[in-house]
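Take a look at this one chain, the form predicted on its own, written out in structure tokens.
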């Protein structure tokens, strides 16, 4: 008996739907990759036409002409402190909201939730004048500090919810043994929260890497532009050279894909943590 005969009609239909969604999701990216290794003459043959040979020089042209070497390192310089600080601060505030009692706890949690819902477009102009008053325009601080502040509400709520799924018996045993708050956080909570923190870090990495509005408003010096912002100006110069333009787009999204492929197991583990409690 074949393996397909053991699959129910409902399961088979669900798999077909998933395969269809995967095909619809992956096809545009594969076309982007295919276009990035074509010549300008190959592009005129059609979207699905294969090139005579791969033109990897498009990537070199995009990297050099688009100043992607500068933008790439700027993105790295911005992403690392934003993710590290947001996870660390979210861990502290999440622990407080999950386990501690303090005045105005519910009110502060409601304010954090409200802060998560306010879009950047609503405060970007006051933020610009605040950064200009502080002398931080065209600095890495102008890119890092606002994004840390924007990430803290989500980090707090995400980690506080994950901490509330931890086994209460373990925490109660630690309290009975006389462990202090810092010891419980460092020795018990943090090791159990690694999957959730990895998932949060991946979310923050993707959001920070793709952030466009804040760099666009707060930075106009080419030396501080990040990859998404650099892609905007690169697009303006290479609109007619589609292969080089798509090669630049692949350079922008390639780190995201690599990071997701490396941490996908932790990402799924973090999302499903507590589901079987």
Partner chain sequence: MKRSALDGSQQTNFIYLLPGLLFYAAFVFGPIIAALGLSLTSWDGLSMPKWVGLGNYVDLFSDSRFYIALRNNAELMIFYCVLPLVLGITLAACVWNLKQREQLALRTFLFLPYIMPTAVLGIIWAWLYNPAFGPFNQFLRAVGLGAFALPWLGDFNFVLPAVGIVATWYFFGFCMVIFLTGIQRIDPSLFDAAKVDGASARKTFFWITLPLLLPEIRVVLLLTVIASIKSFDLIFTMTRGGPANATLVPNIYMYQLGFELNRFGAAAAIAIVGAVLTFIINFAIHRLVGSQNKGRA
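Definition used throughout: the rigid core is the maximal C-alpha set that superposes within 1.5 Å between two forms. Residue numbers count along the first chain shown, from 1. Here the structure is a predicted model, which is why all the values come from computation and not from measurement.
If you look for the form predicted in complex with the partner chain, you will not find it shown, but the lines that follow are about it.
For a residue to qualify, one of its non-hydrogen atoms must sit within 4.5 Å of the partner chain in the model of the complex; all three of 32, 93 and 105 qualify. Residue 260 belongs to the set of residues with a heavy atom inside 4.5 Å of the partner chain in the model of the complex. Contact annotation for residue 70: none of its heavy atoms lies within 4.5 Å of the partner chain in the model of the complex.
Contact check for residue 126: a heavy atom falls within 4.5 Å of the partner chain in the model of the complex.
Within 4.5 Å of some heavy atom of the partner chain in the model of the complex lies at least one heavy atom of residue 148.
Residues 181, 182, 184, 185 are the members of 178 to 193 with a non-hydrogen atom no more than 4.5 angstroms from the partner chain in the model of the complex. If you fit the rigid core between the shown form and the other one, you'll see the Cα of residue 42 move by 2 angstroms or more.
The rigid-core alignment places the CA of residue 69 less than 2 Å apart between the shown form and the other one. Relative to the superposed rigid core, the position of the CA of residue 100 differs between the shown form and the other one by less than 2 Å.
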